[in-house]
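What follows is a single chain, given as C-alpha cells, in the form predicted on its own.
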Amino acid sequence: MTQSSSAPRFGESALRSRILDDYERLGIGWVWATDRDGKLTFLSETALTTLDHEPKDVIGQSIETIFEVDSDNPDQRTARPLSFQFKSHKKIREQVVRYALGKPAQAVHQTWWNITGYPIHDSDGNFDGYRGSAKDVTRAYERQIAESRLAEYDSLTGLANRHSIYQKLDGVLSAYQASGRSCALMMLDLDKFKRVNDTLGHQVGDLLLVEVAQRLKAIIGDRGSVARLGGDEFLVMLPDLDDRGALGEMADKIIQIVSQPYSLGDKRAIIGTSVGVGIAPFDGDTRDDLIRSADLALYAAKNGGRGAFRFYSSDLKDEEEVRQMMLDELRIALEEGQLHLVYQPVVSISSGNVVCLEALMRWTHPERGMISPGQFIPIAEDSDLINNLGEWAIRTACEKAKEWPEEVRIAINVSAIQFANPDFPTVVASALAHSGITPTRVELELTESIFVGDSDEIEQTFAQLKGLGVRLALDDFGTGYSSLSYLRSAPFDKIKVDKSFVDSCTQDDKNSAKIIAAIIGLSNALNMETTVEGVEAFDQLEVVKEKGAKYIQGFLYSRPLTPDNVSEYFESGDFAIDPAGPDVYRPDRRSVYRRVGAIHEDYYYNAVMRDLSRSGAGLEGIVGLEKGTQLVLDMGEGQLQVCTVMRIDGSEFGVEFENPLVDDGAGGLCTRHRVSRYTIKAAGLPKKPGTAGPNEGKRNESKPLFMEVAAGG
C-alpha cells in the first residue's frame, strides 16, 4: 500500500520537533495553548524561564488573568479586552499584551508580548481551545509608548500638549452638541514670565513652568484637563461646567496659587497670571470659536490690570489690535501732554491733617475720554514706555510738591520694570536736583514684584536710593506670600495695608480685621509707619482705628484731587479734612445704565436698569406693576434672572432676585448660569421686544397687563 502524500515521511516528525525547539530556544517565539475553558494548558519552557515562573504557577491559570491589553496606549484604546476576544472564539491577530500574572500595572518593569492565536475545534465542530504563538516585544513596545507619549504630552511639564488637548476638546464638543451639555475653557498665561527668563535665565524659567504645571494639576484635580499650549500659555478644559460662580471661584484660586512665590534652586521668582473663560455652547460650539472666545477674555483680563479673570462677552474686540493701538496712542499722549497726575491725600486720624499725597497717573484721551491706569499701565509695562512714563511721573510730582508745604510728603508709584532699570537711581537723583525738593519728602511706593531678579542688584538699588535720602514704602502689603522676608532685608520706611483687607474688615466671618491689627503691630515693632488704604465708610474707619491705625487713605476722607485743588487747600492756610461718607460700607451696590428686557407671562417689556447688586436691581420704564409680581429679566447673552417686584415708585421699581448674581471678573455682576438660544426657543419665551412666544413679529391677541414708558436718560 502506497503511503499517502499528506502523511509525514520518515524522520519528518523529528525534524519538526527539532525546528520547534530551535524556534523557542533562540527566542524567535514561543508556543502556547488553552483548553475550551480558556485555561492555559501549554507554554514553551523557554518562555517560562524568561518569565521566571515554574510551570505550576502558570499552567491552569485563565489566559485573561495572565495577559491584558494595554488600554492606556492610544494605539490600542479601541482594542477589545482579551476576555471578549477569547469568548468570541475568533482568531487573535498580533495582539500586544502585558504579562500581568503577579505584576501590577504600576510596576516599573513590565513584559510585553505579541500574541497570535487560532481557535481549534474537535471532530464534531465544538470549540476545543486555542493554539498560538508569542514573542517578546518589550523593548520595541516601550519605545512606541514613549513616542506616543511625546506626541500627546508636553516634554517639559508632562501636561497634555496642544495637539492632544485640541483632539480631546473636539471630541467633547462633538459629543455634547446634541445633548446641549456645556464645557468651560480657561486660557491663561503668566504675567511677568518674560522678566523671569531675562533676569534669571531660561533654565530657571523652565523650572518655573514645571512648578506652575504642578500647581494647576493640584487645583483642577479630576474635574478637568490641563494642557500647556507652548511658552507660558496654558489651557484648562472643564466638561459639564457652566456655573460662572464656581468658575469665577476656580479662576480666582488659580490666580492666587500661581501668584505665590517660587523657590527655584537658589533663586526666587514672583509671577502672576490672568485667566480668560469661555463656555460652550454659549460662547462657541466649535473648538476654534470657543478658544477664540476664551482668548479674547484673557486679553481683556490682562488689559483690565492683570491678576484677574474675565468671562467672554460679545462686546470684546480683538484685544491684540486694541493693545497695539493703545500703546501707539499712549506714546502720543506722553508727547502731547494728555497725561496728568492727581493726588489722593493720606490723613492723620488724630488731627485730620494731610501728611502725604499719593500721585496717581491719569490719561484723558481726546476721543475716548478718561482711560483707567489699570488699562494702560500693563501695556506700558510690556514695552520700554513704562520707563518714560515713570520718569515723567517722578519729575512732575516732585516739581509740583515743591510748591506745597514742607511737612507734606509726596508718594509716587514705581513699576517693578522701572525699578529693575539700572538707570532708575539716576532718574530719581535727577528729579530731586531739578525740582529742589527735600529728598525725605519723596516716598517711592514699591510692590513685592520688585524682588524678582538678582538680589545683589536689588540691594544695590536700595542702597543708592537710601543714599539719596528718599523714603521707601511697601505697597499692597499682605497680598503677597513672603513679605516678612522682604521686611527683614529691605530698608522700607512704610507699609501700606491693602484695600482688600479693608473691604471685608467689618465682616465677622472674615479674618481681615485681625490681619490689619497684625500688620500694624508688626510695622510698629519694626519702627515703620503704616497707612491703611481704601477706607470708604465710617464702620471701616472705626475698625481700623480700634486696630491701631494712625494714617488713612480712602474716599471717606478724599478722592484724588487735581493739583489746583490741592494748591487751593494749602493756600487757605490749613489742609485738614473731616471724614464724610456712608455709615456702612456696601460693596454690592453699583450704579448702571443698561437697557434690559422684563418678561411677564408671554410679553417682553423694555426697561432701563439703574442700579444693580448681587441680590436685586432698580429699574425704570414700566407702569402698572404690583408688589409681588414675578418677572424674568433678560440681561442679555442668555442671562435670564427670575425676580420679584419689591417696591414701586411710579415707573421706577425695585426687584429681588431668586438667585444672587456673581462677579463677572470685570468689576460687574452676572448670572451663574445662562440659557442657550435653543432652550429659549423650546420654552416658547419671547426673545426680543415686540414679541410673544417663540414667533417673531406681532404680540399675541391678549393684551399686556402693564404699560411701557420712556425712561429718562
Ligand code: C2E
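Keep in mind it's a predicted model, so treat the numbers as computed, not measured. Don't overthink the numbering: it's just position in the shown sequence, from 1. We call the rigid core the largest set of C-alpha positions that still match within 1.5 Å between the two forms.
In what follows, reference is made to the form predicted in complex with the named molecule, a form of this protein that is not presented.
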| For this chain shown on its own, do Asp243, Gly284 and Asp634 all sit within 4.5 Å of the named molecule in the predicted complex, going by heavy atoms? | no
| field | Stretch from 436-444, 130-138, 352-360, 421-429 whose residues place a heavy atom within 4.5 Å of the named molecule in the predicted complex | value | 352-360
| Are any of the heavy atoms in Leu101 no more than 4.5 Å from a heavy atom of the named molecule in the predicted complex? | no
| request: Check whether Gly224 has any heavy atom within 4.5 Å of a heavy atom of the named molecule in the predicted complex, and answer yes or no. | output: no
| Gly272, heavy atom within 4.5 angstroms of the named molecule in the predicted complex | no
| message | At 4.5 Å between heavy atoms, is Arg181 in contact with the named molecule in the predicted complex? | response | no
| query | Which one, Val414, Ile115, Leu209, Ile520, lies within 4.5 Å of the named molecule in the predicted complex by heavy atoms? | reply | Val414
| Among the candidates Val535, Ile279, Met187, Val347, the residue which, in the predicted complex, approaches the named molecule to within 4.5 Å (heavy atoms) | Val535
| query | What residues of 419-444, in sequence order, lie within 4.5 Å of the named molecule in the predicted complex by heavy atom? | reply | none
| query | Can a Cα shift of no less than 2 Å be assigned to Val623 between this form and the one not shown, given superposition on the rigid core? | reply | no
| field | Ser372: Cα shift of 2 Å or greater between this form and the one not shown (core-aligned) | value | yes
| Is Glu381 one of the residues whose Cα moves 2 Å or more between this form and the one not shown, with the core superposed? | yes
